[in-house]
Structure formats: structure tokens, C-alpha cells
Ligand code: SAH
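Taking the form predicted alone, here's one chain by itself in C-alpha cells.
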């Protein structure tokens, strides 16, 4: 008879690489394991089950993973621990990762987390690989999610992507698009409201293409439905693809008072020719038209974006178009990166023609411009009073609290009273390029 292990004997530690989707997956993993009796730990050193939840979107995330695995290999020589690699890198490399890292006990892809208890129980002296795909939505009951915050909750509405942008590995690590039934989403959000959550963040690789598999209702309809849930005050979503961002979504944001006037709309490049090579499905002009529509509808909307510099073949002229677009749109925030080759993607077959030093120069120039834009924008907010959701207290200074405003900007303020989990009004008194500083208005 095959031996198994009791999960009640496990104290587990999860280290998460990557984005909000990965963070939400880690919450799901933690909930699944705690339901079976395992205990979560904040300290790696006191744990006997260590799970690395991985991201493969950028080369740097993989490098961080392998560095961490080297540390665990040394730890395993001195301590009886079980090591698992989950998520996108696990899905991408599968058996190759298992063979190259013999100290890793199991490798599990994003569609297989429900199998974790059995995998860990069965892991007696044998390596386990679980990277199969399911064509159906894998529902995780809300009560099984071990949420980090008691104020703001992630709610996954879809997974995967059908776009196959030429630089992007997501279709190979998350699979094709799968949409969650709208009634399941509404049920989870109502449960969160009943539990006291004030904010939800809807997650998906491309939320704009959401469509309820049963009724066909689209993303704008979902926003309007969730706007009617009592108790929830703020609704956010990430990530949007410009190709699928319709005017109807813009109208739904404007007409739904709980949907924050804040949008992350990744442009990636300001050059139409680069966008074509990226297979993004829109031009520079298309993107700017959507920005104009949003600002006509909501002049105070906060916009953020993603930028990639040094894509294969990007000329000085094409790069300058990105620089000019940033000056024109004046985003509240950007996430900017040097292009890095990702396996299996169409761009990986192209010659990486932009030298590393030139990529670095362009990235520094983009980030310097954005820093200037953000500082000027933040300075314009001094003297204004804004609603802030308090999320925590500073670990560096006593009685300094931190939260976010509707535009998703960080706001720090001093208070003698604990306002964590509550909305407060804050008068902005000073700022830096990356955060606002204010005083609470009572």
C-alpha cells in the first residue's frame, strides 16, 4: 500500500514572484492547504513545506527564481523539507525544471492547484509533475482563499489570453482564455461585502475580453452588475488590452459610481510600426483616440501604462515616438522594462538588434521623463482633499499610515488613531514623484 503524508504535519511558506494574478494564486494555494490542516508560516526557516509561485513574463523573474532555488538547495542538505515550484515557470518548463533541479519535489502548473493536497500527501521519495490543462473554468470557493488583506480583495474573472502578442509568454503559461461564470463572480463579491471588504480588484490577463460563458454578458455588463452590490465602495480591474477596450467599457466606468476613475491601459510602444511587429492589434492613433474618449468622459481619470523599450528592430525614430507619447498623455504612473527574449514567442525568433547598453539608455531616459511628469502631477494636487482607503501602518515610523486614493496613488499621513480598513479624508500637504503626503481631515 502506498504511503502518504498527513498535511497537518506541514507548516508551509509561499514565496510569490510576479503580478496580482500570482498573488491571488498564492492566496488560493494557501487556502487549499489550510483547509486540509496545514499551517501557514511567514518564516521560511521554520517551515517544512516551501512553495515558490513563479512568474515567467520577464527574464528577471526567472533569474530571481533560480537564485532562490539555489538557496533552498543548500537548506535542503541540512533540513528535511519539501520544495515545490508552482505557476508560470512550472508550466513553461515542466519536466525540464524537474530534471535540472533534482532537489525540487514537485512541479505544478496554474490549472492544477486543486490537486496540491494529494500531490503533497503522495510525495514520498518520488518527484511529481502536474502541468495538465483544463478547458473548463476551475472554481475555487471564496471561503477557501486565504486573503492577505481584510480590506481589499482580488477577484479573478478570467484566465489566459488569445492575443499572442509576439513578445508575450502568457498564452503558453496560462493557456487560452477561460471566463468565469458571472453568477460565481457576483456571489464572491457579495460574500466579500458581507465580510466587510470595501474594495475589490478584478483580475484577468485581458479583462476587456470577458464574456460570461452562460449568458454572453460582456465586461461592461459585469461592471454594472457589481456596481449594485451593497457594501463594496471601490471597484478596480487589471489588466486591460487596448485592442478590446470599447467605448461601452468607458461609459460603464463613468456611469458606475463605485468603479474607480483609474485605468491601467498598457500601450507597450508609441510607434505604430513597433506595435504591428508586437502583434498588438492597434495603432498609435487608435490608442490616443481611446485616451481622448476617456478624458472626454472623465477629465479627472488617472491613467497608467506599460512600456517596453528595445524591442527587436526598434529604431531611434520609433523609440522617440514612445517618448513623445509619454509627454503627450502624461500618465500618472508607468511600468517600464527593457525587452527580454521569452521562449516560444514569435519575437524570440527575431534577431535582438538593439544593444543592451542602448536598451538601458532608453529605459533610463523614459523613467527620468516619467519621474518628472509624476512629480509635476503630484505637486498640482497639493492643497486638495481626497478620499483615501487606509491599508496599513508604516513599519519605519510610528503612527504613519499608508493608503491609496481613487487614482491608486500611495498616500501617507500621520494619525494618532488607527484607521486601517477605513476610508479617511486627507489634505495633501507635500509629495514626491511616487507618493503623496498629507494630513487627516477630521
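Remember, it's a predicted structure, so these values are computed and weren't measured experimentally. Numbering follows the first chain given and starts at 1.
We do not show the form predicted together with the ligand, though everything after this point is about it.
Exercise for the section: Would you please decide whether residue 167 lies within 4.5 angstroms of the ligand in the predicted bound form, comparing each non-hydrogen atom pair? Expected result: Contact with the ligand, yes.
Problem - in the predicted bound form, residue 302 touching the ligand (heavy atom, 4.5 Å) - result: Output for residue 302 is no: heavy atoms all beyond 4.5 Å of the ligand.
Practice task
May I ask you to state whether residue 333 is within 4.5 Å of the ligand in the predicted bound form, using heavy atom distances?
Solution key: Taking the distances in the predicted bound form, the answer for residue 333 is no, it never comes within 4.5 Å of the ligand.
Practice task
Give a yes/no on whether residue 248 approaches the ligand to within 4.5 Å in the predicted bound form, heavy atoms considered.
Solution key: Residue-level check for residue 248: no, no contact with the ligand.
Handout entry: Interface residue in the predicted bound form among 32, 391, 57, 50, criterion: non-hydrogen atom within 4.5 angstroms of the ligand
Key = By the 4.5 Å criterion, the partner-contacting residue is 57.
Handout entry: Listed residue that, although the ligand is not shown, lies within 4.5 Å of it in the predicted bound form (heavy atoms), from 220, 142, 201, 239
Key = The residue from 220, 142, 201, 239 that makes the contact is 239.
Problem - Heavy atom distance at most 4.5 Å to the ligand in the predicted bound form, all of 268, 280 and 339 - result: Answer is yes for this spot.
Problem - Location of the ligand contact in the predicted bound form, chosen stretch of 339 to 347, 313 to 321, 192 to 200, 248 to 256 [non-hydrogen atom, 4.5 Å] - result: Going by heavy atoms within 4.5 Å, the stretch is 339 to 347.
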